[in-house]
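Take a look at this one chain, the form predicted on its own, written out in structure tokens.
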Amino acid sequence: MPKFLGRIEFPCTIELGRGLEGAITNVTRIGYVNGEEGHLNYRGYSIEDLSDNCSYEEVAYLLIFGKLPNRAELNTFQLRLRKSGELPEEIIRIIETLPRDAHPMNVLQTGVAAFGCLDRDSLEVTRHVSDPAAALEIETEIAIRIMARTRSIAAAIARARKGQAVLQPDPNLSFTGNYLYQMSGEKPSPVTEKLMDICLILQADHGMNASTFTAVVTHSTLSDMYSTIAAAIGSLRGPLHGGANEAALEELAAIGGPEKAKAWVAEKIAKGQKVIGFGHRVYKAYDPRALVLKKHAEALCREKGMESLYRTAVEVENLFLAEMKAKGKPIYPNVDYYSGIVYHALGFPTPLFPVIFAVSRTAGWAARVLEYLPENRIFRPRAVYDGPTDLKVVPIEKR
């Protein structure tokens, strides 16, 4: 870990990590990524344990409140989510008015930001700067509302893209059950709901990544929670972050079957090209989220008649990983490699993949923001200037 050297003055010799690599922003108790060994935990619980034994609502509660809920606490939390999930006519009209072929992440960002115009409580935090406890209570309530509303907006986008009427949530369904119902119009089977729960759990938090950093930086100005989440969605939209699973699936589908994988991988390596869905900025071992999804992808693809796609993915993984290991630099699949396959088998259109990510990650964004709020300090990093300092303006006629 880089050491803090104290105050420095320019000119001097310093080391810069592009993209703030290695920089420490804060101390957290929310999530821990062990990239060397390939472990991920939330609040001390392994991602494997949580995905096997908890619902997404339980994990969201854990992230925000710091502990797994008991039955009464979970019931109260679910009730708070259900009370907030309905979409007002103004938001529905915005979603249905925007072009159907607009990128879903842009529509999601617009919907969340627009909701901030309707929720007057979201402005209260700026009136409680001197009362951190009151500010935290208000922002926690707003965060829970946004979780439910982001889900409903995401489902509404899926229906609007097909020209279908927007559905309001069913009060008898879970958070995840409603996501699938509001999108498809059909109540999901327990098996499908559980698998979707696992997908949401795996994406709920992952250290100080680009979108999480965006959320914390935005909220550090004491901006409202809706603007904070909208900013994070904008960061997540990029193909280097939330859009990679979409690209990974398209690449796998274009191969044409497992029997063509060997030639395809050989060509990629010969040209020095990346295989989308491999490698991670943090993980030097197998991404634990990818391992969980790979296990479920096999059974799901078999059930949905998509075995060829799954076998193509496994064949590419085996071939590419073997080649990289032989070169002494193993590169493992990340979560995007198998998540796209699972989402596709669950019936999600490819452009909606990053939207699922956003629905899941809203809990993690909120948790990180709420953790930082009590001792909030606006972010103000410095850049190293490397340019002239003695230029003089030449009159425009002489330039």
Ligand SMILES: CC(C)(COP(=O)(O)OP(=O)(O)OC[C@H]1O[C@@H](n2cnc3c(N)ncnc32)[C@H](O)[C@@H]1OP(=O)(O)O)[C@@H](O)C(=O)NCCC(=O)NCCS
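For every residue, the number given is its place in the sequence shown, counted from 1. This one's a predicted model, so the numbers in the text were calculated from it and none came from an experiment.
The discussion below concerns the form predicted in complex with the ligand, not included here.
The ligand is not drawn, but in the model of the complex it has no heavy atom within 4.5 Å of Thr97. The ligand is not shown here, but in the model of the complex it comes within 4.5 Å of a heavy atom of Asn334. At a distance threshold of 4.5 angstroms between non-hydrogen atoms, Val275 is in contact with the ligand in the model of the complex. Shown alone here, Pro239 lies within 4.5 Å of the ligand in the model of the complex, counting heavy atoms only. Shown alone, this chain has one stretch from 167-175, 266-274, 131-139, 109-117 that lies within 4.5 Å of the ligand in the model of the complex by heavy atoms: 266-274. Candidate site formed by Ala244, Gly279 and Lys329: every one of these residues places a non-hydrogen atom within 4.5 angstroms of the ligand in the model of the complex.
Screening Tyr226, Tyr181, Phe77, Phe320 for any heavy atom within 4.5 Å of the ligand in the model of the complex leaves a single hit, Phe320.
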